[in-house]
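Single chain ahead, by itself, as structure tokens, in the form predicted alone.
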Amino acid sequence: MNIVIIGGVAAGAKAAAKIKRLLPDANVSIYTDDTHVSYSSCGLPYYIEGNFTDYRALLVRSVEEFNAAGINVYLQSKVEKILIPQQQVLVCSNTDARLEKYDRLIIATGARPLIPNIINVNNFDNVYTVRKIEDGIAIREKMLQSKRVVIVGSGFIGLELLEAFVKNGLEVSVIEKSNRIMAAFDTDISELILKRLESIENRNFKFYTNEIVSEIIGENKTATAIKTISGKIIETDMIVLSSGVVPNSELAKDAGITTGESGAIKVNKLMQTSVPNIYACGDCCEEPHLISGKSVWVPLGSTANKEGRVAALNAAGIYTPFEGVLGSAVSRCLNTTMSMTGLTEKEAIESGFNPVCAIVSKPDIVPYMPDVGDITLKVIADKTTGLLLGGQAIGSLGADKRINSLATALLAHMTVSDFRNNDLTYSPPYSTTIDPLLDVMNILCSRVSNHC
């Protein structure tokens, strides 16, 4: 059996390794237009920051290791076309173009950075995006030679880069077209994130919200400033575009494979596309949301790895459904942890729920402990049924463990009443006597119809 996998970063590499273990006699091949295979792109901001100096720490598995396992890896080999009737793919490299036969095809083409519509955006060498190993290497090298940087976008990656640049002594300007940073969160939590970051003394960064970069200014292939629609000119030594990503689904779409409203590839619970022997996984495909039931596109490395495994199992004939995602995410910026899972309040309304919310702000551990910090936790439930819908947390490192506990409750479709009596751990270095998550549940109990 010939199994062809297009893409080899997270989902594709996971799918290849799994399916070769399941079908050791199969001919498994990975085709990627990248120069590396099986690496952690999520670790790039931390490499840029200098948490480790050898980029090879990001490599999960080498080409040689794949080859030793009997998996063929073809770097800088781009699949230009999928020929569904012939069950072939057209592969082009620097040296040739050829047709390769497949019995099962797994599309793991991922996503690519969204390039904003900015004058001169492609004309300068010191304008960067963050996606591949080479991007991280180039940004780190330029950062070490620079004093000022502009980041376009203030989502998860944008704030991780903010931390990296600040810790390396750069003056940072963050340009955000929305009226708030971290727009994935509800407005009230986004505002708290901004307030928390701006409360840092002697900070060397500034946020510009409600601003759109209209033009990049420079000469001799070097950008020296950005201009915003409002007329602001901000001088800089380098620019990083962090305005989001878009799915690499054009290859599938051109072959006649169905895509969803997001533009990503539509799959069923078995990760099958509209063509039964073609599967898709990772950042190029949609998933069902476990609370709303809607098809969503949530590109996350954790999801990509899980989907790669499930696609391999089903391609090997082992029935394994992937039920969906909650959109659980976490990030850190300058000692502030930001985490979320499930639906935001706005998404809950759009999904037809009648949401009620509770917010608790309190110390994250017992106040007499030396490492005490603070945490703000927001949890959302359906007023009528008490069903837990989602939550967001910011503050200390403990913010993520509360969201992880909530994510498990969402997966189990628990109500506020179900969770209220949860037996969470307590010790002064780890929590207050009543955990903030239980405090917020007690408040929610008074706001849902059954009053638990």
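Residue numbers here begin at 1 and follow the sequence given. Since this is a predicted model, take the numbers as computed values, not measurements.
Separately, the form predicted together with a further copy of the same chain exists; it is not shown, and the next lines address it.
*Asks:* Answer yes or no: in the model of the complex, does a further copy of the same chain come within 4.5 Å of a heavy atom in every one of E160, F419 and S427?
*Replies:* Verified in the model of the complex; spot residues all in contact, yes.
*Asks:* Is P370 close to a further copy of the same chain in the model of the complex, meaning a heavy atom pair under 4.5 Å apart or at it?
*Replies:* Close contact exists here: in the model of the complex, P370 approaches a further copy of the same chain to within 4.5 Å, heavy atoms only.
*Asks:* Is T385 close to a further copy of the same chain in the model of the complex, meaning a heavy atom pair under 4.5 Å apart or at it?
*Replies:* Flag for T385 set to no.
*Asks:* K132 near a further copy of the same chain in the model of the complex, any heavy atom under 4.5 Å?
*Replies:* K132: no, not in contact with a further copy of the same chain in the model of the complex.
*Asks:* Indicate whether P116 is a 4.5 Å heavy atom neighbour of a further copy of the same chain in the model of the complex.
*Replies:* P116: no, not in contact with a further copy of the same chain in the model of the complex.
*Asks:* Of these, 224-232, 174-182, 332-340, 80-88, which stretch puts a heavy atom within 4.5 angstroms of a further copy of the same chain in the model of the complex?
*Replies:* Heavy-atom contact with the partner occurs in 332-340.
*Asks:* Tell me, out of K266, R140, R309, R148, which residue has a non-hydrogen atom within 4.5 angstroms of a further copy of the same chain in the model of the complex.
*Replies:* It is R309 that has a heavy atom within 4.5 Å of the partner.
*Asks:* So which bits of 391-406 sit within 4.5 Å of a further copy of the same chain in the model of the complex, heavy atoms only?
*Replies:* L397, D400, K401, I403, N404, S405, in sequence order.
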